[in-house]
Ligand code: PXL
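Just the one chain here, the form predicted on its own, laid out as structure tokens.
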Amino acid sequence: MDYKRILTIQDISCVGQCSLTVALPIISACGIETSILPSAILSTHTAGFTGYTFRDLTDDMPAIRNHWLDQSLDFSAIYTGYLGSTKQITHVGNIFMSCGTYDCIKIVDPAMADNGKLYPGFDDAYVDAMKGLCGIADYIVPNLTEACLLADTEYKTDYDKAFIEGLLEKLVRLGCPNVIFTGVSYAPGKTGVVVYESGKYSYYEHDLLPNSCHGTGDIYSSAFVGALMRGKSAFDAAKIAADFAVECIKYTATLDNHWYGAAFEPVLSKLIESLT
């Protein structure tokens, strides 16, 4: 059996179900050894908490990479989430080019925007840097806002399949052949994920839930990566990840005052079952 080791690069929020505190347990639950490179450490995430601590680890990233190279450590896949600066994106690009196995799969979640707006602290220079990173990836996992920014296209909430297909064409021109496009809705009360793999378009639709949770994008991307590395096709991995994210949101809705994230842990068994 081929034993795979994945590296995921993103920040750690010590409390709050997002980023590395989501990626590490979810990918590990998929049966994949998961290594991490923290880009920053926060006491909590920034959505709803105040007075949180923050330690930037950008300057540590090159030394960590060099130590891995010295120890001849490499990775079957490298998956990135939220990256805090263009400098971090540059470091990640260097890791992509030097720390993977010969057939390393590189997955980029360009976590930089939502609801038509960039996250605070990001600008056009950051978007341009992210375009470059996406261009050397094998899979990218943008939401609608991120896809529009990467494609230099005006953000719309009212769109049709032709608009989405046009976005996909522009995204592929960046250099990445495969796009997992989340949050695409063609009908009221529904949403879904578009999978564009080597020129083939497919779509998986599911119910649009009335409640949302911080960190569900991280949950989705991590489950997708885990399923993909277990040998599932891109479409099957995208479907498994979507179903799991929906179950996480549904379970969280049954809890009192669980406002800071999606309670994914109690439904991890469903993700594991879906991989068999």
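If you're wondering where the values come from, they're calculated on a predicted model, not measured in any experiment. One rule holds for the numbers: they count along the sequence shown, beginning at 1.
The form predicted in complex with the ligand exists for this protein as well; it is not shown, and the discussion that follows is about that form.
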At 4.5 angstroms, heavy atoms only, are T191, Y204 and A245 all close to the ligand in the model of the complex? no
Just one stretch in 222-230, 57-65, 41-49, 245-253 has heavy atoms within 4.5 Å of the ligand in the model of the complex, so which one is it? 41-49
Among the candidate residues Y119, Y186, F163, Y155, which is the single one with a non-hydrogen atom no more than 4.5 Å from the ligand in the model of the complex? Y119
Quick one: does Y126 come within 4.5 Å of the ligand in the model of the complex, counting heavy atoms only? no
How about A23 - does it come within 4.5 Å of the ligand in the model of the complex, if we only consider non-hydrogen atoms? no
Is F181 part of the interface with the ligand in the model of the complex - any heavy atom within 4.5 Å? no
Just checking whether Y82 would be counted as a contact of the ligand in the model of the complex - the rule being heavy atoms within 4.5 angstroms. yes
Even though the chain is shown alone, can you say which residues of 187-220 have a heavy atom within 4.5 Å of the ligand in the model of the complex? H214, G215, D218
